[in-house]
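Taking the form predicted alone, here's one chain by itself in structure tokens.
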Amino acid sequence: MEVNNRYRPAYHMSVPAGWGNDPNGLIFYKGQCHFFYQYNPHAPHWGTIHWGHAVSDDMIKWTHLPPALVPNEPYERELGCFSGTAIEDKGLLYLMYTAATPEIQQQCLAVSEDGLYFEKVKNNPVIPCDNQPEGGSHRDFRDPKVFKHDGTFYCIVGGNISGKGNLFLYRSDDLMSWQYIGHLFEPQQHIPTPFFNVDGVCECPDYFVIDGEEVLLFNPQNHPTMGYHYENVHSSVAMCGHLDYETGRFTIRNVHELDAGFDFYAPQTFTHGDGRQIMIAWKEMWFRTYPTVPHNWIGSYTLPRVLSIKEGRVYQEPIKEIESYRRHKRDLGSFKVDNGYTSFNHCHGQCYELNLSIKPDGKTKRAGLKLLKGGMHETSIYYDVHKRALVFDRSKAGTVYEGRDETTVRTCIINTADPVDHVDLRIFVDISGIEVFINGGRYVMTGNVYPETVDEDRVEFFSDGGVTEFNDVVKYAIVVK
């Protein structure tokens, strides 16, 4: 299959050819980071799913390996090997995944001694579809998250009870025989009711403990929009709370959206060898057009992000390894823009990092940047003073999207109480994608954009209605060879 690499990102993981979606089985094993992913190697569309496989020493440069899982067993041949996670036990690497047919989804295991070649266990499926609570859907039972707690194996599986999405907890002593414990969600008065009435599956669960806080990530399908939150057709959320290992219930303390942009789904985490909790997500979204279909590939992934807990919320920061690829530093210092715009001859490109702080005055309506600007095209990232929100506008970026949800503007509310003195941004532009880390990673917005030409590369700073200070503006080219 001939591939056109015009829009392939330079420093983000992407599928080599064909189709790629959910990250799977992220793990640090035998000194390397292993990245598995949902993969159709035969065509640039969702199809019979394999597990693609790549490894890296620094999570920026990836080496692609042969598929780790191929759907060759009767219980998975029709649809394939759906999403799952990985765990190391006694030196062996186990992949726990969903074997799928049109009517039945079940949880299976494969094992490897070297992290390269995997053999499916003989007693698959280890969690059959009838090992569910009453009302559990046999065809919507997927994406196992396997982990260990106090010497015992546990697994959280996405599911659906009587038409409403939920998550199920299982327990095992040996990874082979699993006991159903309970479902995680019951209505809680202080949590908005849409979370307990999801019309679909709670997909791709993840669970971990950082900074003394228990965190649950998952993707509630068809979650309704709430103001400017959850604007994508499917959403990604983080819940802080407590998992009861005896009942399976998860008591929620707070909940928030993980990424307020366009293209972010199925985030999965792993613990690095140095102790960092790293998260990577699919940098696309379901039920939209994909501009790289004619190029014979679909599927890129976010920068790996280090997670932490501050003020009861998940913060996200780019991994420090990306800084090793900085080149050609451009320090623009601080400057003001008075109800207009300005640009700099040496501030342009399609592959860079840009750090700055935006401080609007009392007359300013909005202030920010226009990226990948040229001809009739531009992508706007700006602070809306009235809304107290950061706005990501790709309506003039180039390629026009079509989808089930609104595809051109996303709004991230960053302050609802006190006046905002300034907004700190760390922006990564990589050929066909933009990631914006706001106020130290308290909020993040991710979106793909497709400039029509390589000349659409200018950066413009603007202020509408008043004077805006742009402070500590520094740009680096990101070069990966």
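Quick caveat: nothing in here was measured; it's all calculated off a predicted structure. For every residue, the number given is its place in the sequence shown, counted from 1.
Here the subject shifts to the form predicted together with beta-D-fructofuranose (FRU), a form of this protein not shown in this document.
When contacts are defined as a non-hydrogen atom within 4.5 Å, all of Asp22, Ile49 and Phe82 contact beta-D-fructofuranose (FRU) in the predicted complex.
Using a 4.5 angstroms threshold between heavy atoms, Asp143 counts as touching beta-D-fructofuranose (FRU) in the predicted complex. Contact annotation: Tyr265 falls within 4.5 Å of beta-D-fructofuranose (FRU) in the predicted complex, judged by heavy atom distances. Taking the partner from elsewhere, Leu217 is found to have every heavy atom lying beyond 4.5 Å of beta-D-fructofuranose (FRU) in the predicted complex. By the criterion of a heavy atom within 4.5 Å, Cys204 is counted among the residues contacting beta-D-fructofuranose (FRU) in the predicted complex.
For the options Tyr315, Tyr228, Phe208, Trp286, the residue carrying a heavy atom within 4.5 angstroms of beta-D-fructofuranose (FRU) in the predicted complex is Trp286. In plain terms, the part of the chain that comes close to beta-D-fructofuranose (FRU) in the predicted complex, with a heavy atom within 4.5 Å, is 38-46 out of 437-445, 423-431, 58-66, 38-46.
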